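This document starts with one chain, in the form predicted on its own, laid out as structure tokens.
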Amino acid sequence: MAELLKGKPIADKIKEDLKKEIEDLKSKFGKSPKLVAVQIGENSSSAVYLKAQIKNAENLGIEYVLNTLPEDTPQQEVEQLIDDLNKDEDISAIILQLPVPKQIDAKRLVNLIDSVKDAEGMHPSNLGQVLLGKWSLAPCTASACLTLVESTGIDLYGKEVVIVGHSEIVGKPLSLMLLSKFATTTVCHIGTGERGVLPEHIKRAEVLVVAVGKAGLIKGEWIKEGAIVVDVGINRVGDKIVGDVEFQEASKRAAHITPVPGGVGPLTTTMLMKNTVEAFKAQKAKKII
């Protein structure tokens, strides 16, 4: 049976180090990092992540401010708010809570966030740094996946890694991060599945990361013996929360596998806090120079 690859113990260790670092920064600069969240309307799907952000920030000593705007707020008004937040020197980092209402262009808003204040690492400048293999602010979920894989002690050099899902949040940035570690990286997506060749890619994966959002998409029998499996999917089936991978069957073949929930989630919020601290340090260093 596979060893469970839980996110919380790894997140706890990172947060322990972050807490000390934040105390040192507060002692040196007389203030703590400050994270501002922008939420447009109410959305139940983001409520859990939002609650985790508030709790983590409070425990770490990061100042957290939530700006909640009405559901019908026009694009221009949100753009003005982001411009104001960019100019406020007391604010270290900004996050746009997703999803947003249909009248809002989320990609444009993310692009308008000052790249040095980009808590989620989704600004084109920060994604460019990921491409160059020299990131300091990277997408939080992708960073969480990489951290989980590396926590097993695997040497990624030359290993067969398969990512299922090519989103801007996980698949695309993670593929670049893994390439910087010299992993042999394959990205699969809907085209791979429709062509009918998804199983053959999965069967050779020494490391498998799945981020699609479709319960049971990956059959347990496809998993290579001794593989590391990171399941990012969160799906409600009846009264249960399950991932994209058939957990029970996959557990019989994999060496390490993330539980759902309890795998990637706890680390994603921690990476958001880590990015906030990195943003704070970068801004302070710029002022000193």
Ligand code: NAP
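Counting begins at 1, following the sequence as shown. All figures in this text were calculated on a predicted structure; none of them were measured in a lab.
Another form exists, predicted in complex with the named molecule; not displayed. Remarks below refer to it.
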query: In the model of the complex, the one of 75, 180, 167, 111 near the named molecule [non-hydrogen atom within 4.5 angstroms]; finding: 167
query: Residue among 264, 229, 35, 40 with a heavy atom within 4.5 Å of the named molecule in the model of the complex; finding: 264
query: Non-hydrogen atom contact residue 234 with the named molecule in the model of the complex at 4.5 angstroms; finding: yes
query: Heavy atom of residue 213 within 4.5 Å of the named molecule in the model of the complex; finding: yes
query: Partner contact for residue 193 in the model of the complex: the named molecule, 4.5 angstroms, heavy atom; finding: yes
query: Any non-hydrogen atom of residue 268 within 4.5 angstroms of the named molecule in the model of the complex; finding: yes
query: Residues 127, 186 and 208 all lining the named molecule in the model of the complex, heavy atom within 4.5 Å; finding: no
query: Interface stretch in the model of the complex with the named molecule - options 103-111, 77-85, 127-135, 159-167, non-hydrogen atom within 4.5 Å; finding: 159-167
query: Residues from 5-22 in contact with the named molecule (non-hydrogen atom within 4.5 Å) in the model of the complex; finding: none
